[in-house]
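Take a look at this single chain in structure tokens; it is the form predicted alone.
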């Protein structure tokens, strides 16, 4: 923990040095209980004292960038967050000179879903949390439970190829050795199912969707919310009925709009109040884009997503050979 404390102080010093020239810096602070963090919008040195960078700080700050258009802001970013920023820059949704990136080399963040499943009972209000080097000590109703951090890390962290920011103005922490991305076991298991089994899975899963649109609202790449087809009164494509068919139609439209743009930050799945495994859809569509177009979202600047471009003949699709 001493390393994390020193990194926090280093980060605070870096932000403090640029705060006067920024309208806001977005990071994290403790949320409604010791187990949860929440986004922090730093506008003064007093706000800065609430900053935290623990594995409990899971929100993607890039989600808020388009709401600050025309202002200069700072973002505290991990590797996956920096990919979202790169994609926003590539689509000209934000400008590079309007954002200062305070990068954190990342060892992973927790999954609240996994923590809930690992605790012996519904956590309710958490009284205290102590973070060790490899363990998480949680006190609920006077009783302490100890969880291994590795066992409650978010799935995205277990298979992350980019734990360190790919673009940053300030970098905090020690960079990791290069990693190879791997497909999560849950993804491989799902894709091995037959078509009828997949359909049955989604019919059952979408029956518990409450159409709250948290997955849409939290996505850093879903920027057309005021004109979203899902909440339009024009029923040409879909209605606002809460049925498995309409819910799945919404998700199909959503994932289609994100194809080749999704940076797999996992915010959609994290924000879902009924634990729908939305990343199964996003990872699958991203895999198709990699195989067909050789493109991966958010890993290099000045790369336009292939579905936002047009070429008479794609380099990797030899139509004339068919």
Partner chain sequence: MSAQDEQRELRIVGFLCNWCSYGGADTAGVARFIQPTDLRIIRVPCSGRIDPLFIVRALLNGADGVLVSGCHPRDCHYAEGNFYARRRLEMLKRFLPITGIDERRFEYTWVSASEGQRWQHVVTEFTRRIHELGPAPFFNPVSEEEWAKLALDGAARGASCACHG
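Residue numbers count along the first chain shown, from 1. This structure is a prediction, so every number in the text was calculated from the model and none was measured. Take the two forms, find the largest set of C-alpha atoms that superpose within 1.5 Å, and that set is the rigid core.
Below: the form predicted in complex with the partner chain, not depicted.
Engineer: Residue 301 near the partner chain in the model of the complex, any heavy atom under 4.5 Å?
Structural biologist: Residue 301: no contact with the partner chain in the model of the complex.
Engineer: May I ask you to state whether residue 199 is within 4.5 Å of the partner chain in the model of the complex, using heavy atom distances?
Structural biologist: Looking in the model of the complex, residue contacts with the partner chain include residue 199, since a heavy atom lies within 4.5 Å.
Engineer: Does at least one non-hydrogen atom of residue 259 fall within 4.5 angstroms of the partner chain in the model of the complex?
Structural biologist: Because a heavy atom of residue 259 falls inside 4.5 Å of the partner chain in the model of the complex, the answer is yes.
Engineer: In the model of the complex, does residue 311 come within 4.5 Å of the partner chain, counting heavy atoms only?
Structural biologist: The answer is yes: residue 311 has a heavy atom within 4.5 Å of the partner chain.
Engineer: I have 11, 162 and 182 flagged as a candidate spot, so tell me whether each of them has a non-hydrogen atom within 4.5 Å of the partner chain in the model of the complex.
Structural biologist: No, none of the three is in contact.
Engineer: With the partner removed from view, which of 238-246, 163-171, 98-106, 145-153 is the stretch that lies within 4.5 Å of the partner chain in the model of the complex, judged by heavy atom distances?
Structural biologist: This holds for exactly one stretch, 238-246.
Engineer: Can you list, in sequence order, the residues from 44-81 that come within 4.5 Å of the partner chain in the model of the complex, counting heavy atoms only?
Structural biologist: Heavy-atom contacts within 4.5 Å come from no residue here.
Engineer: Given a core-based superposition, decide whether the C-alpha of residue 302 shifts by 2 Å or more between this form and the one not shown.
Structural biologist: It does not reach a 2 Å shift.
Engineer: Please determine whether the C-alpha atom of residue 21 is displaced by 2 Å or more between this form and the one not shown following superposition on the rigid core.
Structural biologist: For residue 21, whose C-alpha is compared between this form and the one not shown after core superposition, the shift is less than 2 Å.
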